[in-house]
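One chain is shown next in C-alpha cells, namely the form predicted on its own.
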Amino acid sequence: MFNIRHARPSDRDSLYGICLETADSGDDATHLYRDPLLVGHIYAGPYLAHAPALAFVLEDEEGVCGYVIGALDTREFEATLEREWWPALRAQFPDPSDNPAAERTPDQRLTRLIHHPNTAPQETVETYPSHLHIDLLPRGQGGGNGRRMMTRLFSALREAGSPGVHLGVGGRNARAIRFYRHLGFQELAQGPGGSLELGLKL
C-alpha cells in the first residue's frame, strides 16, 4: 500500500537518498560521487527547506520511496536560495571553476552548480513560472504512483495560482520522457548533452 503525504523535515535523509539513487538518468548514482550528500544539497534539500508546501513524499511499509517537489515562482525561489541556501554550502565546498571543465571530477561538477546555479530561461518562466522534480525508487514505480504524485502537486500549484510548470530531464532518461509526455508536457527547448526542457499549462 502506498500513501502520499506532505514531506516533513525528518524526511530529509530519505529525500537525499532517493535523489542520489535516481541521479544517473533515473538509475543509481551512488558509485559516481564521493560525497553522497552533494546531489541532495542541490536538487532536494532546497525544496524541503524553502518550499515545504509543495513537497510531497510517497511511502509504503518500508518507508519513503519517492518524492515530488516544486517551487511556485521559480524566479523568487532562485532569489531565496541565493540569499539563504547557497552561501553556507559555498563556504563548505570550494568553487572548482579554476579547473578545466574536462578535468573536473563528478563531485566538482556538482560543486560548481553550488557556486553557479542554473537559472530558468526568461521565456520559460513567463509562461511556466513554476517548476518541479520527481523521483521514485524502483519499488515505487508503476501502478500509477507517479501520476498520482504529479496530480497532487498540480492541484497544489493550481490552488496557489500557477498557470504553468516546467521541468528538465536528461536526454537518456527515455522512460521519464515518455511519462512526462503522457501527462501532457510539451518540449520547450533542448539543452546541453541532449537534455530536454518540458512545460505544462495548468
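A quick note: this is a predicted structure, and the numbers were derived from the prediction, not measured. From 1 onward, residues are counted along the sequence shown.
There is also a form predicted together with a small molecule; it is not shown, and the following applies to it.
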- [ ] Could you check which residue among Val57, Ile42, Leu54, Leu136 gets a heavy atom within 4.5 Å of the small molecule in the predicted complex?
- [x] Leu136
TODO: Work out which of Val169, Val64, Ala156, Leu48 lies within 4.5 Å of the small molecule in the predicted complex, going by heavy atoms.
DONE: Val169
- [ ] Would you please decide whether Leu183 lies within 4.5 angstroms of the small molecule in the predicted complex, comparing each non-hydrogen atom pair?
- [x] yes
- [ ] Consider Thr151 of the chain shown here, and say whether it contacts the small molecule in the predicted complex, taking contact as heavy atoms within 4.5 Å.
- [x] no
Task: 4.5 angstroms heavy atom contact with the small molecule in the predicted complex for Asn173 - done: yes
Task: Distance check, His31 to the small molecule in the predicted complex, heavy atom within 4.5 Å - done: no
